[in-house]
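Have a look below at one chain only, the form predicted on its own, in structure tokens format.
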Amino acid sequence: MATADDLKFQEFDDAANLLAANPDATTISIDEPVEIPKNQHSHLQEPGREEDDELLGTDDSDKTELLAGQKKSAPFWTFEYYQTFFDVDTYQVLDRIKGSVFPVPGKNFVRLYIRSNPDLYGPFWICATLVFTIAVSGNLSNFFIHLGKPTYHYVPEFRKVSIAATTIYAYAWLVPLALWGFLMWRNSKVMNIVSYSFLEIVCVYGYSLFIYIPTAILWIIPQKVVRWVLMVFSLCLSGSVLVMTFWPAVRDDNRRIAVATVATILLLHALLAVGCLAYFFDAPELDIPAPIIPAHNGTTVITKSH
């Protein structure tokens, strides 16, 4: 049975003294794991890949937060689930609009503006504003083109609102859906190729359309050359946002597939701009019917107007 002295705390000598007293003793060294500094780890990677690693989901903070169970989303049938998509303030929306109008060369739009809090508030209202801007500006453009012609009678074309809404919202939702599905499919073939969620892709496409709102207002100018120059300028700005966003996600794939993907993105974006300009603003010339002048002998004489 242990005595009272055996239960008291005892001070042990240093490891060197213990080993000197008993050389055959077995020692176990418990060391803390050595952590590699982040700056030293970054030197092992290529300098141009540091931003892409964050986009590809290798950020330790996101993994830690997911493993800790802190990112809990509400069920999709609840109001709180959809409320998170509109949880954004005015300053964030304005900052993202400025980022889409003035893209920074070499900077990724998702990393700079979207990834922290992707939203649907900005894309929804940008598309809605663009729909009414194109429809109203298209009507005004048609009015100014035929203004002064004696046989022209202005009639508002309300059907252009529904056509513009169908075109804009279909492009802003279906194209991102197809692109997201394609990236997911390529992710099963090539590792670390996809990095964007569907909400992030919709957010990028929505904000990239903002530049067409002031462009559609300027399309009222009845000069075809001015309209096409404005269209090309807007296409270059918004297209550069898409290229700098999606090229890092596909450049590790097969070179032909990566180039074809970016080319398809730009082609669809150009078709939207050209289609809106051609359909809503480049109105065809009206065929003015020749006036019919009745003659005194009972016959009618048709005069051809020049």
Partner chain sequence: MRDLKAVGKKFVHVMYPKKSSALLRDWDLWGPLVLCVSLALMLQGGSADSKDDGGPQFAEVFVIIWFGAVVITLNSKLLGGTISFFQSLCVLGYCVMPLTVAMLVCRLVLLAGAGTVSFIIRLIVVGAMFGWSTLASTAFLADSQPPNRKALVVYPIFLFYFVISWMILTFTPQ
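Positions refer to the first chain, counted from 1. On a predicted model such as this, the values are computed, not experimentally measured, just so you know.
What comes next is about the form predicted together with the partner chain, which is not displayed.
Comparing 228 to 236, 179 to 187, 108 to 116, 136 to 144 against the partner chain in the predicted complex, the single stretch with non-hydrogen atoms within 4.5 angstroms of it is 136 to 144. For the options Val88, Leu199, Leu218, Val101, the one in contact with the partner chain in the predicted complex, meaning a heavy atom within 4.5 Å, is Val88. None of Val93, Val175, Ala164, Leu209 but one reaches within 4.5 angstroms of the partner chain in the predicted complex through a heavy atom, and that residue is Val93. Within this chain, His153 lines the site of the partner chain in the predicted complex, having a heavy atom no more than 4.5 Å away. The partner chain is not shown here, and in the predicted complex it never comes within 4.5 Å of any heavy atom of Lys224. Residue contact check for Arg159: one or more of its heavy atoms lie within 4.5 Å of the partner chain in the predicted complex.
For the partner-free chain shown, Tyr121, Phe124, Trp125 of 103 to 125 come within 4.5 angstroms of the partner chain in the predicted complex, judged by any non-hydrogen atom.
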